[in-house]
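Coming up is one lone chain in structure tokens, specifically the form predicted on its own.
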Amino acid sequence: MNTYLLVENLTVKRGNFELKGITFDTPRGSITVILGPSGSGKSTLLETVAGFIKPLRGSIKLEGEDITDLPPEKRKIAVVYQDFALFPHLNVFENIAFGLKKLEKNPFRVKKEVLKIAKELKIDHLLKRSAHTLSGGEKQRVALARALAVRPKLLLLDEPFSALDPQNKGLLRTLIRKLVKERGVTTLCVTHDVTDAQNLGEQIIVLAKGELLEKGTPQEVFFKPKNPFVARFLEVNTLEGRVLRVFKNLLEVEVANGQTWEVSSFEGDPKEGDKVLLLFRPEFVKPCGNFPKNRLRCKVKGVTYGGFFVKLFLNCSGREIKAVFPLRELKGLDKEICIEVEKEFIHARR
């Protein structure tokens, strides 16, 4: 990997909170999402990279240059905050041009760049509007345009979608991903929203209580987390089992109540008799159909509804399992239900 941003052993103290020895790197032009619950240290990490907080230990290197002790204005880093931080007394054009005017003295070039970025973000029709008259989604686009206009070496996004409605969230996620990839802007995005991370990140970093618990691709983190807390936080189901038979591309595993499950994704070199942990996402759990294997009878302990989907909280022989079904697949909800998971969607590790 061509390292562009390198954070090594970063330790930060703020009151009773400590960010503990954070180390990660990102390639040029990539989007890395820093994910975690409230109070995990996400924003503290972002502000330290930006230069607003001085670390106790560790270093930050950008393009091979050590920027740990540089003031924020010398780092060529742009930040977009969740509250947008627009200047209410300026119109949209003036907000976007604010930082650019410090770098570019030619008014014609400033205007050209503002018009270009405004068109890319589909806000060129708003340039004469006062910032305080804009909707939340429009303000977020203006804040992003202002950040990108100065052509930063690194773009930092702090909970960029938290104040937006679901429709605007989806549209802006898609637009940001497209725009920063086209411009080749290396990006760090802080969020507590798993959906944001799934749809935006090429690398995912999970923090909790000031510690980096997991880092990897979305496929690795969301489907095969190694840390138990991360598995719970990301709602990855876990089921204990014992290997019965090993084939070249398949395991037969005994799970609850002597049921046999087939698993086609596994790590290492499992042997017969080994204890394994099966991991699978709630979205891959289905009501029993024609598939004859990988079934469990479960008791329904709770139900939540969200749009056209329903989330079930199940007790399957003492193990809590979550399932997300399309509403149309529930033809009637009993106290008990039969579930199944196809072997391609289960990962086993010892």
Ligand code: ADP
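Throughout, we count residues from 1 along the sequence that is shown. If you're wondering where the values come from, they're calculated on a predicted model, not measured in any experiment.
There is another form of the same protein, the form predicted in complex with adenosine-5'-diphosphate; it is not shown, and what comes next is about it.
The contact residue chosen from 37, 287, 27, 282 relative to adenosine-5'-diphosphate in the model of the complex is 37, the criterion being a non-hydrogen atom within 4.5 angstroms. Using a 4.5 Å cutoff between non-hydrogen atoms, residue 43 counts as a contact of adenosine-5'-diphosphate in the model of the complex. In the model of the complex, none of the heavy atoms of residue 20 sits within 4.5 Å of a heavy atom of adenosine-5'-diphosphate. Contact with adenosine-5'-diphosphate in the model of the complex, defined as any heavy atom within 4.5 Å, is confined among 43 to 51, 290 to 298, 317 to 325, 303 to 311 to 43 to 51. Shown without its partner, the chain has 14, 15, 17 in segment 10 to 29 as residues with a non-hydrogen atom within 4.5 angstroms of adenosine-5'-diphosphate in the model of the complex.
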